[in-house]
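Next up: a single chain in structure tokens, the form predicted alone.
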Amino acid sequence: MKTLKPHRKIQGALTLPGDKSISHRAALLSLLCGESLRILNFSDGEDCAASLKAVQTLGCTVESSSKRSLTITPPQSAPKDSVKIDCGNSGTTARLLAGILSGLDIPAEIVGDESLSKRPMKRVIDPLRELGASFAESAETLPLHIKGGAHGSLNYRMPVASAQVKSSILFAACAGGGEVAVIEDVRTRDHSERLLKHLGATITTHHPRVELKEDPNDPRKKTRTVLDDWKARIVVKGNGKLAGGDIDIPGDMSTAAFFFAAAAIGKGEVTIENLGLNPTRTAFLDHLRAIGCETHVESRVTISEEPRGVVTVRGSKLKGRKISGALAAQLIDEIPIIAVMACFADGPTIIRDVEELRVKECDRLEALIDNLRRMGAKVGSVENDGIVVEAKGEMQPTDFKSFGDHRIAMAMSIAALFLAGESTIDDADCVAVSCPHFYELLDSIKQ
């Protein structure tokens, strides 16, 4: 049980550990490289450690040269016998590794902890089977028994917006020498595409075609027609080993969201250097502007195909907002802290189309409803896929429950800063999944 004391004055500058999504992908793609990968600013969270442990189990060597800097050398040959790989609590590790192992024809059993063993895997298994992969049995959850065989061609339209599913398919094609086209109706984070390009893969991202015609009623104007009914079509063809080299990982936007939220609620100011500015990850900055905050971006640069910069957020009087559809998919990891900010805003915040939150480390929708009501907010569920949050007077201190979920623990810890007295939260150590030094970083911006 951790005691959380109120502290409303927020100001300071931070540098964060590397982006969690990119760190996972960099570690796992080392299995497909012809030479060593040198990775700078690798995430120090437990989830990414699971990906490192997985590649070591498969024969890679991992050497740390300095804090969060490491070199991964791929094995000379693949394991001959079946390998058991424990992914802990990391769904990213399990789903992306399923694609790589299917393409490499490495027989393996993928297992995880109790929480991960309940999370859906069928969304990955189905397209991998269409690509030719074989599994020992009909599997919808872990453990997965992989036999290999993903060497075919596939044109796959994503039934659900998921960067993990997309990445698993793309990685399987690179590993197995096949050719796939993944079609997205809702654009998801594109770290896999950028990293594959950086490592020399044959990959192309097609955007919808646009036709311009003269307006028959006014020849000075043109009408714009989008000819394709999708947002992106990503084509990958496996053609041997990927290149090694250097990967420099920017700071994690999903972690930054908690510190920016503290500035937003407390009308303070927080600056984060070397922060990832991938366009598929900056919707949270747009959200902050939409609810009344100021955001400033300086020193933009692109390294290892990933844009980054120095970002400053200044808080102000907040207002409610409606989030749904494609925007909800882009903000899926930030929904817990967005719900917390809604408790300190004028007007309701309506969040829809986030049913995916029910199959994370916990049911995050139910966890939010429970915790926000504990501190006095007005919270209601919207069918099965969302919530409505509204302030109801001054929020009161309470005993928060983390439900063993790092994002719930961090979100409620930010809320506690602005309550009328001391609160507590159980199992605060679960923040180590993504940001082990979260509370130290938080203390550094308390003024």
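Just so we're clear, the structure is a prediction, and the values are computed from it rather than from any experiment. Numbering starts at 1 and follows the sequence shown.
Beyond what is shown, the protein has a form predicted in complex with a small molecule; the following relates to that form.
Counting any heavy atom within 4.5 Å as contact, can you tell me which stretch out of 304-312, 204-212, 159-167, 336-344 lines the small molecule in the predicted bound form?
The contacting stretch is 159-167.
Does K360 make contact with the small molecule in the predicted bound form, using a 4.5 Å heavy atom cut-off?
Close contact exists here: in the predicted bound form, K360 approaches the small molecule to within 4.5 Å, heavy atoms only.
Counting only non-hydrogen atoms and a 4.5 angstroms cut-off, does I332 reach the small molecule in the predicted bound form?
I332 belongs to the contact set for the small molecule.
Test of understanding: in the predicted bound form, would S21 fall inside 4.5 Å of the small molecule by heavy atoms?
Yes - in the predicted bound form, heavy atoms of S21 and the small molecule come within 4.5 Å of each other.
Examine H296 and determine whether its closest non-hydrogen atom to the small molecule in the predicted bound form is within 4.5 angstroms.
No, H296 stays farther than 4.5 Å from the small molecule in the predicted bound form.
Which one, T349, T92, T271, N278, lies within 4.5 Å of the small molecule in the predicted bound form by heavy atoms?
After the contact test, the surviving option is T92.
Note which of K197, K241, K118, R123 lies within 4.5 Å of the small molecule in the predicted bound form, where distance is taken over heavy atoms; exactly one does.
Checking each option against the small molecule in the predicted bound form, the one that comes within 4.5 Å is R123.
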